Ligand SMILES: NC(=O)c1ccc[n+]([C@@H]2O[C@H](COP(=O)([O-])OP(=O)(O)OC[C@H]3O[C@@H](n4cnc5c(N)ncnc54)[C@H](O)[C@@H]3O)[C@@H](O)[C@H]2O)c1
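Here's a solo chain for you in structure tokens, the form predicted on its own.
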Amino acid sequence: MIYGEKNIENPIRWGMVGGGIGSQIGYIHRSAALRDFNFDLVAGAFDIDPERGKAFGKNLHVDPERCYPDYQTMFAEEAKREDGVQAVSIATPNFTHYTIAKAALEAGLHVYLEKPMCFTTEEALDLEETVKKTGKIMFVSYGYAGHQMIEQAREMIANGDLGKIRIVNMQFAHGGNNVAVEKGAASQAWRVDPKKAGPAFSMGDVGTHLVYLAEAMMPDMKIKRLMCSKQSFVEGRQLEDNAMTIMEYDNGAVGYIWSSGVNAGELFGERFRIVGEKASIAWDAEHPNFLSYEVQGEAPRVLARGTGYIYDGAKADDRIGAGHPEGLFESWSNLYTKFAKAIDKCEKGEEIDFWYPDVHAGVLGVKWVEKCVESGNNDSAWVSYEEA
């Protein structure tokens, strides 16, 4: 159980690129990183507007001298200081991810990067190679993977509680983009612009979360091939706002991922059901404390987080005991705690003995989007999916 005590000897000196005024996810990055005293926010290039960024940083109690006009200046100036940043989180639009992340790694910094990691598999593999060359840690921000019941699901599958997996049915389908909201919100406009968002909208924005959850829970299952049907329902929108992907796995299982922003009336809509030969489990991100467990021929049951009967790995992520509701902030905090522990082990030359959304997870997410787009642009043809 997590009690908020220190996990590492000294907090990691941490900076941010992006995440300033109007950012949808800047606040949750800071809340998650700072919650367990693993990080100390000491610098930032928070905004494309230098003065606005400096004012924002001052409101976060960051020294104005360390509120920089851009990431290049921040990396260069912090490198001159004995107390310069050791790690950086990048919370900027998609089209900047590759360039900033590569620069950060080459500046000797550990990186926590928003997803999707970049636009192309070629760029993703280059980042993976840069991580290997620099020896630094890269986390990709698949924020739902830190929920306690995801770890429970992972351990149940590994333990054989479900038997051989047959069907993976996942969706992240909300209605928040059911109309052209991008016309009135700058924070949404770049997400549907192919020059800034990349080759996909809904698949990159929400679908990749599901791809990583499947990878985290079933690491031994690999996609063999996939087919994708994608649509742009909102008039004038260049990128898809709805997609259905069918995948075949190397163990004979089949997977379905529905990625959508036009599921009218649905506020969030992230959930999955994994079907094995003996039993099934189901999880809904709006009710993250519970995992449905249904064994063929037995009464259905609901497992609750924080209880004595869940697996030890899931108990380790517990923060406030059974009965109290946990949510997204706890999930992100768990991931940032892993980020800190991974950095600490890396700098000590110790083996990292736990899973986390690493640079290769980012590679797989980029490749999945690329293959879905390839299929969708070719009358939903099946396309081969070799391991990146």
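So that there is no doubt, residue numbering starts at 1 and follows the sequence shown. Since we're looking at a predicted model, the values are computed, not measured.
Form predicted together with the named molecule: not shown, discussed below.
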{"property": "4.5 Å heavy atom contact, P93 and the named molecule in the model of the complex", "result": "yes"}
{"property": "Distance check, D241 to the named molecule in the model of the complex, heavy atom within 4.5 Å", "result": "no"}
{"property": "Exercise: R52 in contact with the named molecule in the model of the complex, heavy atom 4.5 Å", "result": "yes"}
{"property": "Partner contact for H110 in the model of the complex: the named molecule, 4.5 angstroms, heavy atom", "result": "no"}
{"property": "Residue (of K115, R154, K230, K136) lying close to the named molecule in the model of the complex, criterion heavy atoms within 4.5 Å", "result": "K115"}
{"property": "Candidate stretches 203 to 211, 305 to 313, 243 to 251, 285 to 293 - the one whose heavy atoms come within 4.5 Å of the named molecule in the model of the complex", "result": "203 to 211"}
{"property": "Residues of 174 to 200 having any heavy atom within 4.5 Å of the named molecule in the model of the complex, listed in sequence order", "result": "S187, W190, R191"}
